[in-house]
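First, one chain by itself: the form predicted alone, in structure tokens.
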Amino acid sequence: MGALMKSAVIYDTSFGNTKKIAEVIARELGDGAAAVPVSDFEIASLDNIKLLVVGSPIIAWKPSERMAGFLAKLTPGHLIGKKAAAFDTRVKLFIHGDAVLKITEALKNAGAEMAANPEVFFVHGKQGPLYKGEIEKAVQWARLIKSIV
């Protein structure tokens, strides 16, 4: 992760589904974008980033523990002047919890300007795979973000 990175797609993943979405988003954002596991991301790297996209699976009705730890490090004003977007991966159930709204709230509280509405991507069962069409939905969402940023 070098100084040239303009966009970071920070994600956590349990079974690889969130990673797949993050990688598609980073690829669509283009040069200067990288998908980075939250466990490998250093908070100081945020200084070099103009766009921050954050994604997590829903675990126990909220973002993963690792993602929650990252979000807790974002202090008020930390993301002023930066654009952001959030997504989660979830099982398609009537009652499912919500990671994306908690992520969005943390990004806004840190001062980020949201570049797009939060997005959700569905997986079959706890382990996936992703539902048909979810990769294409990620491509379209990333293109929307890129057009705004």
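Just so you know, these numbers come straight off a predicted model, no measurement behind them. Residue numbers run from 1 along the displayed sequence.
As for the form predicted in complex with a small molecule, it is not shown, yet the points below apply to it.
Note that among 43 to 51, 120 to 128, 76 to 84, 27 to 35, the stretch whose heavy atoms approach the small molecule to within 4.5 Å in the model of the complex is 120 to 128.
At the 4.5 Å threshold, heavy atoms of residue 91 reach the small molecule in the model of the complex. The small molecule is not shown here, and in the model of the complex it never comes within 4.5 Å of any heavy atom of residue 116. Interface membership of residue 106, defined by any non-hydrogen atom within 4.5 Å of the small molecule in the model of the complex, is ruled out. Shown alone here, residue 58 lies within 4.5 Å of the small molecule in the model of the complex, counting heavy atoms only.
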